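Presented below, as structure tokens, is a lone chain in the form predicted on its own.
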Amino acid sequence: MQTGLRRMLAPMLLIAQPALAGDASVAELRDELRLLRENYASRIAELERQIAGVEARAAAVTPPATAQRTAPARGNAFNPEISLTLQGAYRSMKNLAEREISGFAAAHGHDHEEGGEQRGFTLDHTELMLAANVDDRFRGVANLALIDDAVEVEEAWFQTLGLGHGLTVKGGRFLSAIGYANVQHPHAWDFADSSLMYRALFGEHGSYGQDGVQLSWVAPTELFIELGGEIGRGAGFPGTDRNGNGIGATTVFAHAGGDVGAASSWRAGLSWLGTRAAARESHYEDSLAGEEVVGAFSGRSRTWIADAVWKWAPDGNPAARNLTLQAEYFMRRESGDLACYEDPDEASGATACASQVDSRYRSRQSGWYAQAVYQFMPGWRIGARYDRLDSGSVDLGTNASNIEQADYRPTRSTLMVDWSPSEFSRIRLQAARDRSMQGVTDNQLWLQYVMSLGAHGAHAF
């Protein structure tokens, strides 16, 4: 509009200058000025009419604010965030008939029967994730694990957006917020495998998932404080699946964190998991003939987890260098009954449990791990982890004379170095000295790749 004004003022000046030069009368000058004003006013009116037309056309193709609030965004409806994570490895380790953690009941029987650690070249599960905002009130996420000819739903949940007052509700199937590492998917682990602690607590998958509802609250304080709880089906180890109304598992968690100067930040947490098991099967060694027998536990299982994380980066910028220190400690208490009987697949008739023996069962067990991961230059990291468990005290009742129970403290030491040329790819070399099985020292070597395709949300602190 300013350009148009200049163009219109130019002829006015050209007209006014000769009039003054010729000593024109004041009346003539006023007539000239009136004509210019009328012409100028008509041009302004025309511009205003054109602007009004453009605004009207824009309003015709833009939905009102109320429609925008209730209707899903077109981009989210047709273009959700989609990512595919490829994982595989070469593993060199001892050829063992089965892998277990001595002194701890194995989840769902033998690890090797559940697709545990295989030697040589292996393809780990391929992870497919879809995520999008449903609308301005909800967000949805689905995470699928593709393993050969099987598809496992690892997560499928919705979460509220903008509920207010620091509250968030999540429902569906999700990884529990207990502990620190539990919410991490395998591609986000700092090592090629999960810690002994998580394997002892939750089985070979190394995490605890819930089908249920989670409520969390973040306090309106400068110090980060989060409180929350979950109720769910409780189908995962150390519980068992149930077909009934009510609640099968309950969790409570509290997290706190903050910054220390410009270079450091921290987070600490305390969690509790309570669940029940009905005829939860684990394999034991029979004391009479050394054959395997089944111990089916029914009762209560309670787990406490304490975690702490410290992160450092120069001036708070982790791009070039950063250090992460991480540790977790757990205590688990179980009480109930244990039924000992022969394994139907290996029945010999010579075991002490050839005829089912029922007795009480009590256990107190604990363990921890600590790790440090240091990025010493862009793309390159080194890390060390140490695991230590304590089989604690296990009271088998009358089955104490039927079942061999190891009094053992499993340990493992792990070193790794990895290279990430971008945020989408990682190559990792890992070596471990595994003494989680009594009387066995397994020197392991891993060469792993993790490749991500597509959009992927940022990981939590």
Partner chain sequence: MNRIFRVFLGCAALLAALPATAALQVLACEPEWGALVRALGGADVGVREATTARQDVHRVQARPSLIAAARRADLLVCSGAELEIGWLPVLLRQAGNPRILPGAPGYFEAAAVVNMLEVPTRVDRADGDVHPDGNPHIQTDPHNILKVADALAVRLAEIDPPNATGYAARHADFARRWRVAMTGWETRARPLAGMGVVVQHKAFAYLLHWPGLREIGAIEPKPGIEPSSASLAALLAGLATDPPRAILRAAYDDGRGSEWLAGKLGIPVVVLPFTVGGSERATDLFGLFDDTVDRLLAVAR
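Residue numbers count along the first chain shown, from 1. Quick caveat: nothing in here was measured; it's all calculated off a predicted structure.
There is another form of this protein, the form predicted together with the partner chain, and it is not shown here; the text below is about that form.
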Handout entry: Output flag, V134, V213 and N245 jointly within 4.5 Å of the partner chain in the predicted complex, heavy atom basis
Key = no
Fill in the blank from the handout: Assert contact_stretch over 222-230, 331-339, 94-102, 363-371 against the partner chain in the predicted complex, heavy atom within 4.5 Å, equals 222-230
Completion exercise
Residue within 4.5 Å of the partner chain in the predicted complex by heavy atom, from L123, A279, A350, A319, is A319
Problem - The unique member of G166, G88, P186, P80 whose heavy atoms fall within 4.5 Å of the partner chain in the predicted complex - result: G166
Problem - Contact label in the predicted complex: G258 to the partner chain, heavy atom within 4.5 Å - result: yes
Practice task
Mark H283 yes when one of its heavy atoms lies within 4.5 Å of a heavy atom of the partner chain in the predicted complex, and no otherwise.
Solution key: no
Exercise for the section: Report whether the minimum heavy atom distance between G290 and the partner chain in the predicted complex is within 4.5 Å. Expected result: no
Practice task
Mark F253 yes when one of its heavy atoms lies within 4.5 Å of a heavy atom of the partner chain in the predicted complex, and no otherwise.
Solution key: yes
